[in-house]
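As structure tokens, one chain now follows by itself in the form predicted alone.
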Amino acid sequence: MHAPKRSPYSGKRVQLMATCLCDAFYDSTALATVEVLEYLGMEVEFPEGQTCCGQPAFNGGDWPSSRKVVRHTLEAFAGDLPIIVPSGSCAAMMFHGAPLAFEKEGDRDAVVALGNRTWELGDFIVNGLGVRSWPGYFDSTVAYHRSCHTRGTGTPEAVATLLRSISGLRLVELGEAEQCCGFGGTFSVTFPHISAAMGELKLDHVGLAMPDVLVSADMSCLMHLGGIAHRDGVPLKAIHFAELLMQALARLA
């Protein structure tokens, strides 16, 4: 999977795709994303009509329903501003999954254009804006989970670059870092036992790394791993990296 090649961004306005998970569970991540972007000088627009990226139906094989959702997204995010998403999974749906679903559809060019202006947050900060260091202080050992949907994109190294730059932060690697956490959206519903076993294996590696905090660019992974940890009585502090960025700034103040 590869994000489209895009030129660095020199404008000041962006659109925020908050995602279903932010809407339902992680409003703090959406707020942190806005704060991060505003700290970097961006004016953030929030299209009120936005709903879902269409990935659940796409992953479930119901491409006609997925295309309906994507067409709505086209309307909600009209214009040519960059679309910033605090989720590697939803961003990948926009620039990878949606064009696949529209291969034989008349709207494909518009869908491809939509994907070409969609950025995962970390990728946008580092590769879109050219920001390679983050101010602040975060005196903790941090493990970074690289989610499956960010493979082959600019996100994994972008987020790691920002984390490594923060004063006091000690970034530790996870064993079998490229392995999936097991969530996989509808996969976790269709194959719950396999999904849980994969999550438990991932948590075993997290435990061996002994971080104070687990971060990711995908809330779905954090929700899955956090749920398993809670069920098993395993202490786990897991936050989206945008929230860590803002906590680092607050600790500097």
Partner chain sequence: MKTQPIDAFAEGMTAEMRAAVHEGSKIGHEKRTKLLFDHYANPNRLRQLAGEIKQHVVENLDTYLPALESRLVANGVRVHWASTAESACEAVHGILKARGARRLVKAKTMVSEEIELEKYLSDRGIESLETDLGEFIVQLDHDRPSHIIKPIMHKNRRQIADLFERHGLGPYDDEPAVITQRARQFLRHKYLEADACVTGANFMVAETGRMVIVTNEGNSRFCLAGTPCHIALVGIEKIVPADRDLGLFLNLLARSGTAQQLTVYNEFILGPRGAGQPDGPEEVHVVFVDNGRSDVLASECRDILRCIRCGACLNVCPVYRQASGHAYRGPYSGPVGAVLSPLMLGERFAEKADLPKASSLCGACNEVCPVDIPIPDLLLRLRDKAFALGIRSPGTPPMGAWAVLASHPVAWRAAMAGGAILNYLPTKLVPVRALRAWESSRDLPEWRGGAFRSWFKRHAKAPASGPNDHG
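What you are looking at is a predicted structure, and each value in this text was computed from that prediction instead of being measured. Positions refer to the first chain, counted from 1.
This next part talks about the form predicted together with its partner chain, which is not shown.
By the 4.5 Å heavy atom rule, the three marked residues I84, F95 and G207 all fail to count as contacting its partner chain in the model of the complex. Segments offered: 101-109, 114-122, 136-144, 161-169. Contacting its partner chain in the model of the complex at heavy atom distances within 4.5 Å is 101-109.
Using a 4.5 angstroms threshold between heavy atoms, P211 stays clear of its partner chain in the model of the complex. Among heavy atoms of D80, none comes within 4.5 Å of its partner chain in the model of the complex. Its partner chain in the model of the complex is approached by E176, whose closest heavy atom lies within 4.5 angstroms of it. In the model of the complex, V215 stays away from its partner chain, with no heavy atom inside 4.5 Å. Contact annotation for 35-63: residues with any non-hydrogen atom within 4.5 angstroms of its partner chain in the model of the complex are E35, E38, Y39, L40, G41, V44, E45, F46, E48, G49, Q50, T51, C52, G54, P56, A57, F58, N59, G60, G61, D62, W63, listed in sequence order.
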